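As a starting point, one isolated chain is supplied in structure tokens, in the form predicted on its own.
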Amino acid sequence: MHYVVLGAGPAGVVAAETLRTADRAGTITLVGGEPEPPYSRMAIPYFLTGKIPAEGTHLRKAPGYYDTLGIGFRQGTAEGLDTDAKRIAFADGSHLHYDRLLIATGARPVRPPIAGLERKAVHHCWTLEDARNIVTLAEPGSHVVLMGAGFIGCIVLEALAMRGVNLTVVEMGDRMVPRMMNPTAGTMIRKWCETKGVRVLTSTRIKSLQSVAAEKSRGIFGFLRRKEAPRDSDTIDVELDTGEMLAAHLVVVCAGVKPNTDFLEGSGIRTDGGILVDRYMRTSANDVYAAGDVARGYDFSTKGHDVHAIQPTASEHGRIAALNMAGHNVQYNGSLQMNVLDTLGLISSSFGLWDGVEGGEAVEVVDHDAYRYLCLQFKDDVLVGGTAIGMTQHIGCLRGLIQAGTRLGPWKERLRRDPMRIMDAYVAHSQMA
């Protein structure tokens, strides 16, 4: 049996390891799309801040780790898939046959249609190579513009701020991290960042990126519009839809990601914003499975399918897929939408249906001065979602009650009166169980 794992992120690595445990005799080939050993993108910010070297991002650090397990590793970018012939075509012209295939190709950054985005001082922050380029430009005192204040953008924000740059964040939404925070919470994070010296512009778009030479050709009026301009040959001008012009040595683009599914065109595998999989991580093609950020897996909260682009979900996807590839019959219980973020020392988190459900109820408590906030979302007497700012204690209890689908009974009204009693509610139902 030849197992091929296409993608060497957390989902792919965990899948390869699980396959080896489940099938000692099978041949396993792990394929990575970058000229790097398998690594974690979530570790890149630690590399940016200098806390770890590039090697510190590697998922498995022991020398010869994959060889020891009998896992073959090769580099290649998939260009096509023939599910009838069970053959993968790679960009270098080579091919690879499989008996069972796991697609764990992850996602790639979205490239907005903005003029000038191809300039050499503009980088995404998605790969180790991106991070190396950013390190050379994000020197202390340099002017940096960060496009996007979503989850990934806020992680990059912290790393850039810790490098001592003059940072401006441009977010087209009306608040920071709009896909995990409601307006109260997202605005609180913005105000916190501003107290730390980061300029944050919400409800603002970047129109174009221009060379300083082009701006100079407009005369002195162009310079008067530029904010905190360093005015040297290494800068580019960032034109905003407000009319303001920012000068920057570096522009970092964090405008979202999309699943890597283009190579599946003509393969017959069903996709819809990601590869559609069943509860066993099987795709619509025989002997082909999918896992991680490329897969629309089962959602615990909605009972539908969605992409939950977080590392714990990717790892569990990979484990379940591998067990089923090896002949076991293991059903995936579903992932919980969850995000925990540390933004310049302010901890924020959201779980489950944090923005509520139709016909549901919500309760919140807010302390703007202390940067503390808690919002609970209910459906009947079940806690289905929650948002927290400035809270590190009892967050596990919040997640636990949501993930267990606990019927709160009289504790619902107690939490409505005092949402901070989340720990008491958790303990009460744990003892009942």
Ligand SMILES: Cc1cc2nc3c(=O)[nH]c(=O)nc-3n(C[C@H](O)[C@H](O)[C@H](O)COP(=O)(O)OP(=O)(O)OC[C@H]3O[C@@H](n4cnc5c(N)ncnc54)[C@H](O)[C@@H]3O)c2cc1C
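A quick note: this is a predicted structure, and the numbers were derived from the prediction, not measured. Numbers for residues come from their place in the sequence shown, where the first is 1.
The next section is about a form of this same protein that is not shown, the form predicted in complex with the ligand.
Per-stretch contact check against the ligand in the model of the complex, the hit in 149-157, 280-288, 165-173, 321-329 (non-hydrogen atom, 4.5 angstroms): After filtering at 4.5 Å, what remains is 149-157.
Full three-residue contact with the ligand in the model of the complex, heavy atom 4.5 Å, for Ser301, Asp355 and Ala388: The answer is no; none of Ser301, Asp355 and Ala388 reaches the ligand.
Interface membership of Val365, the ligand in the model of the complex, 4.5 Å heavy atom rule: Contact check for Val365: no, nothing within 4.5 Å of the ligand in the model of the complex.
Gly32: touches the ligand in the model of the complex, heavy atom cutoff 4.5 angstroms: Result yes; Gly32 sits at the interface with the ligand in the model of the complex.
4.5 Å heavy atom contact, Trp126 to the ligand in the model of the complex: Judged by the heavy-atom cut-off of 4.5 Å, Trp126 is in contact with the ligand in the model of the complex.
Partner proximity in the model of the complex: Asn260 to the ligand, non-hydrogen atom cutoff 4.5 Å: It does: once the ligand is placed as it appears in the model of the complex, Asn260 has a heavy atom within 4.5 Å of it.
Single option in Gly72, Pro312, Pro112, Gly273 placed near the ligand in the model of the complex, where near means a heavy atom within 4.5 Å: Checked against the cut-off, the match is Pro312.
Within 4.5 Å of the ligand in the model of the complex: residues from 280-297 (heavy atom criterion): If the 4.5 Å heavy-atom criterion is applied to the ligand in the model of the complex, 280-297 yields Ala291, Gly292, Asp293.
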